[in-house]
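Read the single chain below, which is given as structure tokens and is the form predicted alone.
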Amino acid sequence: MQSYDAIVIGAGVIGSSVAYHLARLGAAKVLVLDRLQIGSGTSTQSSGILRTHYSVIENVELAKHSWSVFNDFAGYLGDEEASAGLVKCGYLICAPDGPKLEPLRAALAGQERMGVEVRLLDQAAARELLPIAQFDDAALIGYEPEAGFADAYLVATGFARAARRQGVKIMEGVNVERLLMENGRVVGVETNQGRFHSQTVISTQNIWAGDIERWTGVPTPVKAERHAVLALEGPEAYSFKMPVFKDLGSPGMLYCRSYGGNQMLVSEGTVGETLAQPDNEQGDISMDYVVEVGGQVAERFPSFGEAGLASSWTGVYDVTPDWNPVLGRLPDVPGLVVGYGFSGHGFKLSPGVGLVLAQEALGLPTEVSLAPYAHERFRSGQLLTGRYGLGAVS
């Protein structure tokens, strides 16, 4: 049985980031196991939006650290060929008079207190940035210039390549079947390709995190939730120079960005379709749904009333009851560190989460406190529920 300093389960954008940071922090022997291939799970379905805007203030610090990495991805990895596919176009968010107004005001103020550059815009200034939209109902408009979008697959593979350069072993097509335990603590994993030993296992299993409950008996409050994404072709281009947009005034709290330099990528930031079992395959998108979302889009982008559907796909979130992740050790299972339940935030936070989970696994002080993200919050009731309600904006 081969022995390692740490074993990471999952080679998506979170697992690859954890592996890279373990090696960067000095772990000499790190093994990553993935049931499929690097970045081939839910990471490939990410819309790729990057922002530090959160109504849950604890997320802002993780997002700030992550943005600094995305902003100089090649430099951070020490690999001049690495690219995150970053498009730095800014992030625009607005709310009308109503229940979302004060939460938005508070979230923008929280960002400013955390040192994030945020600008308050009037309707005319917002139209200059996003001329294809109308803002007649916007009572408050915030703009985060240091934001945009990137490519989750490029980031996952970039972290994985940098990890390998530092000696990390990544095995694809290996399914972890159970944790190995001795005297109540983790001592390794059993897989379809044999046993591997380590006193430290980090699970980054995303929608498959329910395996943790099956292996340990510790309740794992996570469910797989499918969300639809549309690419619309309108008479006016949604160009790369135009900011990502979050519409708190629409029924679906829509988020939009440029796609392909001309089309609009759009999806809803609300609760999606709960799946009975983890399933990363593409789901069906009904024409009724396309029409309903298209109607919301046309309210904000009038010319898109004549838009056509260019393409569509589905992505699956690993959702917790408060739509925020569980990060850190499970006290009932010594030797196990977990990172699951990202609820649509995983890519945005992946560099920062990879660092803090690696620090936690190695017994080092963490860059950001993991206490708010502890599994125990579901027992104590101290949830991290966002002020916008349940949904991916948090």
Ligand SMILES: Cc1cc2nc3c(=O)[nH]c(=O)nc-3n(C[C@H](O)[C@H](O)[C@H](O)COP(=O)(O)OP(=O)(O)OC[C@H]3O[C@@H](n4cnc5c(N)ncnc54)[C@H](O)[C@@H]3O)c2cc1C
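Keep in mind that this is a model prediction, so the values were computed, not measured. Residue indices: 1-based, along the sequence shown.
Separately, the form predicted in complex with the named molecule exists; it is not shown, and the next lines address it.
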property: The named molecule contact at T366 in the predicted bound form, heavy atom, 4.5 Å; result: no
property: Partner proximity in the predicted bound form: F347 to the named molecule, non-hydrogen atom cutoff 4.5 Å; result: yes
property: 4.5 Å heavy atom contact, V316 and the named molecule in the predicted bound form; result: yes
property: Contact flag, Q45 vs the named molecule in the predicted bound form, heavy atom cut 4.5 Å; result: yes
property: Sole residue of V229, L121, L86, C89 within 4.5 Å of the named molecule in the predicted bound form, by heavy atom; result: V229
property: Contact residue in the predicted bound form, chosen from Q199, N175, S311, S239 - any heavy atom within 4.5 Å of the named molecule; result: N175
property: Residue stretch of 110 to 118, 291 to 299, 160 to 168, 210 to 218 approaching the named molecule in the predicted bound form, non-hydrogen atom distance within 4.5 Å; result: 210 to 218
property: The named molecule in the predicted bound form reached by all of E61, W67 and P372, non-hydrogen atom within 4.5 Å; result: no
property: Within 326 to 343, the residues that have a heavy atom no more than 4.5 Å from the named molecule in the predicted bound form; result: F342
